[in-house]
Each structure stands twice: as structure tokens, then as C-alpha cells.
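In C-alpha cells, the next block holds one chain alone, the form predicted alone.
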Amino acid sequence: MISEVIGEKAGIINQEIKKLLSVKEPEGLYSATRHYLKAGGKRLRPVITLIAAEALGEDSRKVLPAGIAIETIHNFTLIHDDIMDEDEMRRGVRTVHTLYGIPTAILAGDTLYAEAFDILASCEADPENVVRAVSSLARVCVEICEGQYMDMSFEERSDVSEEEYLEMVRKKTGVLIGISASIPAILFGEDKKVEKALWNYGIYSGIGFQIHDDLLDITGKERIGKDWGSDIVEGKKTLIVIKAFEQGVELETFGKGKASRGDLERDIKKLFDCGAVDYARKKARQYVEVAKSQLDVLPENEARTHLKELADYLIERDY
């Protein structure tokens, strides 16, 4: 089962995280920096990196630093996102800024960002390929910031389209999964066609993943380890909400900042009743099917099968 493969790879990644990202002085800063890393997580992005390397017939240990670098960038974005969204829970623990204060949380995110490139530069690969990998990850970070800005700007608008949402998701979520899948091809100097196929696999999987994540915000309740229904009360323009608004559905708690459980449950029932939830589920499935089709350029092997199974897992997980 793919869950067992994920668990096995995550164990390898966690051991490497302990080595490369330990707590050091000043302890206050590094405790904040490592808070989410210690809280766990499925390590899906570096897992994709390791499996993609194996699908290329290469030794996944050679790209392990690249996977750790990507996970480090991911955790940097989480810290800053939680500050901007004023969330109080993440991975079942209090958010970094609520524990350590906003100034320290900002510094913790900045530290992770810098550490990621230092780790990536340590990859044992052709120096030209390492430079390309560093440049590619840097461009991805720029797109993530663009996506986050788009996401925030949507909160001030009432006319966000499905196309705009999908472009925001491609940047905010898709590109980091895209680089997770394609960075082994960059480091091993694979043909550009293979690199592009893995990038597209990650992009389409990432869009499906984010749509499903939006669904979990209203269906996952306590299982998701963060504030349930937070997207609704924060006024997030998810695909589900966009589709509901197109049909004239009114949500009493939308953008209110806080809401009672009863009010939230009533609004969420409206999203189910109008078909917006089913629509989003179908859309996530469509993107994952396109993602899997990108892998046809790879040799047939167990790792390629695992990549396909992992794409399915991204939209079938319940937390």
C-alpha cells in the first residue's frame, strides 16, 4: 500500500531532518524554527522527491538533501501563512506565532528559508545541475509568494473566478509539489522532456491536493489538526465557495472572523446541498488523472506505480 511506502520514506526523511535541522543557539529562535518539523507531518513533498528519483532508476539517497530543502521551504511557508491567517492550530499543536510571538515567528520562517538553500547546495551532483536546482527552487519560492498574495487579495473581492482560483492554487501549492517531483531530473541531468513531465505531474497533483485540502477544511473537523472551518470564517475564496456563490448561496459566517459551531454547520450544509462540494471533488479527481498521465514518459517500474498511487492518495486522504 502507498501509505506504507510513504511511512517508510518519511522515516528516512525524519532521520535526516534530525541531522540537518537540529536545535542550536540561540535556542529560542531554533525551537520556534523546528516547532512544526517536530510536530510531524507526512513529509509528502520529500517523499515524492525520493520516489521520483527511484522512478528514474537513480539512488534516492543522492537527492535526500533536495527533499529536505523542499520540506524546509514548506515549513517556512506554513509559519508565515499562519501569521497572516491568524490561525491558532497547525498539525495538532499551537501555531509558532501564538507560542513564540510574531517577531520570532517571522525570524523562524526566514531562517528556514535560508537553511533550505544551504542544504540543497550540499547535494552530490554535477555543480551545474546543483546551480539549476537552486535557481529552480528560488523561482518556485517567488511563485509561492505570488500565490499567497493572490489568495489574500481574493478576500477583498466578491468576483473571484474559478480560473483565478486555479492559477492561485497552481502558484501557492502546485509549484512546490512540481519542484518536489522534478528536482531529481534536474540534479541527475535528465532529458528536458522527462523533467517537464515530472514538473507537470507535480503541478496537476498539487492542484488536486489543494482542492482536496479545501474540502478537508469543511469535512475533516478535528482530524485535520487545525481550526475547523477556518477558510469560511476567514473569507477564503476556495473553489467550493466560488461555486456556491455562483448559485446565489449565502453563507452567514463567511469572512466573519469567528463563528459558533452551529452556525458553521448550517453554512457547510448549504455547500453540500448546492452541489459545490461534489463539484470540487470531481475537479480534484480530474487534475489527478491528468497528473498520472504525465508519467507515461518514465520507464515502467515499481516507483512509477508508487507515484501514481501517491497522486490518488493526495485526494483520498481524510486528514
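Fair warning: this is a prediction, and the values are worked out from it, not measured in the lab. Start at 1 with the first residue shown and count on from there.
Note that the form predicted in complex with a further copy of the same chain isn't included here; everything after this is about it.
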**Item:** Contact label in the predicted complex: Ala121 to a further copy of the same chain, heavy atom within 4.5 Å
**Value:** yes
**Asked** in the predicted complex, does Trp199 have a heavy atom within 4.5 Å of a further copy of the same chain?
**Response** no
**Message:** Given that a further copy of the same chain is not shown alongside this chain, does Asp159 nevertheless sit within 4.5 Å of it in the predicted complex, heavy atom to heavy atom?
**Reply:** no
**Asked** Heavy atom to heavy atom, is Glu190 within 4.5 Å of a further copy of the same chain in the predicted complex?
**Response** no
**Message:** Only one of these stretches, 176-184, 121-129, 207-215, 243-251, has heavy atoms within 4.5 Å of a further copy of the same chain in the predicted complex; which one is it?
**Reply:** 121-129
**Request:** Could you check which residue among Thr98, Thr104, Ser230, Thr219 gets a heavy atom within 4.5 Å of a further copy of the same chain in the predicted complex?
**Result:** Thr104
**Item:** One residue of Leu78, Cys141, Met89, Leu166 in contact with a further copy of the same chain, assessed in the predicted complex (non-hydrogen atom, 4.5 angstroms)
**Value:** Cys141
**Request:** For the heavy atom contacts within 4.5 Å of a further copy of the same chain in the predicted complex, list the residues of 136-165 involved, in sequence order.
**Result:** Ala138, Arg139, Cys141, Val142, Cys145, Glu146, Gln148, Tyr149, Met152
